[in-house]
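Only one chain is given next, in structure tokens, and it is the form predicted on its own.
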Amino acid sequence: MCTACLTKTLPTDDFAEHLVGMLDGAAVIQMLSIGHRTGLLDAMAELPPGTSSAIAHAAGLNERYVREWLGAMVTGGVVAYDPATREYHLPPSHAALLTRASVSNIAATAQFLPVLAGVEDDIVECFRAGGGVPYSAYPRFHQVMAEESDMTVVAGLEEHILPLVPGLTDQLAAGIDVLDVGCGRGHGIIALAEAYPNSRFVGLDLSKDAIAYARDLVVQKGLTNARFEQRDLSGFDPDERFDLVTAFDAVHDQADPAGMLAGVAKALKPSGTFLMQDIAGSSDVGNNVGRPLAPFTYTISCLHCMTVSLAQGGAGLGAAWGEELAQKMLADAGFSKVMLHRLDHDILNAFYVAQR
């Protein structure tokens, strides 16, 4: 991006139109989140064109609220409407991006913004006084993050992510030791444990609630090759060694990301591999101008990733730490070989394969 592009100012009328468009877009995102949580979008994907009463009945919801929600969806360009019959319809091409049947469910991702808006008062105070907002202030975050992980990690593990490490699937099939740091609710580890019963899996995370959820899921599925432990990864000093360590969207919000990466290097057996997924983009904000989802990344970082680290007295690295800094920190942690990969279908994430 050229310097002139960075400093270019939109004409007043165009900028006003731009702002109005952003307000409309933000409102639609809020309603997409509600449509996802209530099941309205999933229900409409299966229904023929119908009135608000028919849709509300099929979804088991209150008609008055459904009708107002449909108003936002129609004027927001999400749902089609026939004024003659007063019937609403979710086109299949839209449903493909907005329902649980899709691994590209934007409505699920839309949940992040209302979740993060719940801490706005606390964030405003942090702007004035510094400090951060703790994990405990985000009661739904791990639930929403697990849904996102299902789409960005779990759904792509076999086809896209594991093949980034040559021979890894064969090693997993034969049986190796695997650690996932910052595992959250553990969906990624559990999927691997199910697919590769000869391998042994450990998940570590700071959140007591997330670990409890993961442990319950292991019991429900009857898995014997996966276990989860609550652990603060600041100054991570491992007491076990692993063939593979993974970190899915977990490094940048740690209190001590440098210490965690150094601990990961120690946790690897001599021929082991660290597979890290994190947010794609540059460490220089100027290089991110025009990048899809860049404003989304900085917003989530400010309202969650950065502030939860600062709340622990941490580095406050944030989701927009960037590929340049990520590679430098991996090298500083003791990784002599680092390969950066992008996946064609994933515009949000970068993948790093690192070895000592």
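One-based numbering along the sequence shown. The shown structure was predicted, so the numbers you read here are calculated from the model rather than taken from an experiment.
The following text describes the form predicted together with a small molecule, which does not appear among the structures shown.
Novice: Only one of F141, Y196, F242, Y213 comes within 4.5 Å of the small molecule in the predicted complex by heavy atoms, so just point that one out.
Specialist: Looking at the other structure, the residue within range turns out to be F141.
Novice: If you check S149, N225, Q171, T109 against the small molecule in the predicted complex, which one has a heavy atom within 4.5 Å?
Specialist: So the residue touching the small molecule in the predicted complex, by this definition, is S149.
Novice: Which one of these stretches, 121-129, 89-97, 213-221, 228-236, sits within 4.5 Å of the small molecule in the predicted complex when only heavy atoms are counted?
Specialist: In the other structure, the partner sits against 228-236.
Novice: Answer for A255 alone: is it within 4.5 Å of the small molecule in the predicted complex, judged on heavy atom distances?
Specialist: It does: once the small molecule is placed as it appears in the predicted complex, A255 has a heavy atom within 4.5 Å of it.
Novice: Please run the contact check for D177 against the small molecule in the predicted complex: heavy atoms, 4.5 angstroms, yes or no?
Specialist: D177 lies outside the contact set for the small molecule.
Novice: Q312 versus the small molecule, in the predicted complex: is there a non-hydrogen atom within 4.5 Å?
Specialist: Looking in the predicted complex, residue contacts with the small molecule include Q312, since a heavy atom lies within 4.5 Å.
Novice: Going by a heavy atom distance of 4.5 Å, is S282 a contact of the small molecule in the predicted complex?
Specialist: S282 lies outside the contact set for the small molecule.
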